[in-house]
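Below, in structure tokens: the form predicted alone, a single chain.
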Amino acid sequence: MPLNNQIAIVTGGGQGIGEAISIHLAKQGKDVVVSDINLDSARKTAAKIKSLGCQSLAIKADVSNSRDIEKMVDLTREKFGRIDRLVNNAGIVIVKPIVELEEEEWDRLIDVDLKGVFLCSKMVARIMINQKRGKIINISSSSGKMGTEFFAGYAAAKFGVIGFTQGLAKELARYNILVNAVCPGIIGTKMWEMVDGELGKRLGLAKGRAFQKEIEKIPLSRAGTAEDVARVVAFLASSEAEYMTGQAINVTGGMVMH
């Protein structure tokens, strides 16, 4: 699946799934702009990409801030002249019952997990329309297919990402721009370490037990890895996926099957 001579932006690319996506694309020859709210993390990922022989640019950006996204897009165009792929990966999670979720926390979930996808897609789509080509890949979640206890706000945002993906795919198809989503399930990253701790407090479980209980729901009997998600993203970004748009692909080990 050659990706040579293409430019990708990966938001939230400094760690976890975003880092794995960035590095996986670079291993296939793609130059990658690593955007992250933590610039040090973005720089570390960018350094790994450069060690693979690809170009990279680390940019500090909050995806919920339109000025940050304008700057990200402008810097990418200045360095590379175009944008071929956008992976909207940046996201946060808050584990709380809805009756305890503060309005500010709800707003932050929606701003990062849904509004961020809108802002990045809007600004990059303008460039892709002029190019008459491109691909946008949005990272949703199994929570975008199936709401769960203590994740109602997160699920609302991730369901929204899937609806946005479908609508945008129909709008941009005439310009040869494909838009898809990937829905990871239980993935062994630092984010899930935090989720395990929060769930454990709510359910009265020892450290690691909440995570294990979630794994017990998975037919393949293991948590996913960031690389499991990255491989699916790389496929969608490749020339092997030229007749797929508007899809939301589960990467859940069989936990979600639709």
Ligand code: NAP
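Nothing here was measured: the structure is a model prediction, and the numbers come from that model. Heads up: residue numbers just count along the shown sequence, starting at 1.
This protein has a second form, the form predicted together with the ligand, left out of what is shown; the following refers to that one.
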| query | finding |
| --- | --- |
| Listed residue that, although the ligand is not shown, lies within 4.5 Å of it in the predicted bound form (heavy atoms), from R222, K207, K190, R67 | K190 |
| Listed residue (K96, R108, K79, K71) with a non-hydrogen atom within 4.5 angstroms of the ligand in the predicted bound form | R108 |
| Any non-hydrogen atom of V32 within 4.5 angstroms of the ligand in the predicted bound form | no |
| Partner contact for D62 in the predicted bound form: the ligand, 4.5 angstroms, heavy atom | yes |
| I218: touches the ligand in the predicted bound form, heavy atom cutoff 4.5 angstroms | no |
| Contact of Q15 with the ligand in the predicted bound form (heavy atom, 4.5 Å) | yes |
| Check all three, K145, G163 and S238, heavy atom within 4.5 Å of the ligand in the predicted bound form | no |
| Stretch in contact, per heavy atom within 4.5 angstroms of the ligand in the predicted bound form, of 79-87, 154-162, 123-131, 169-177 | 154-162 |
| Contact set, 91-116 vs the ligand in the predicted bound form - heavy atom within 4.5 angstroms | G91, I92, R108, V112 |
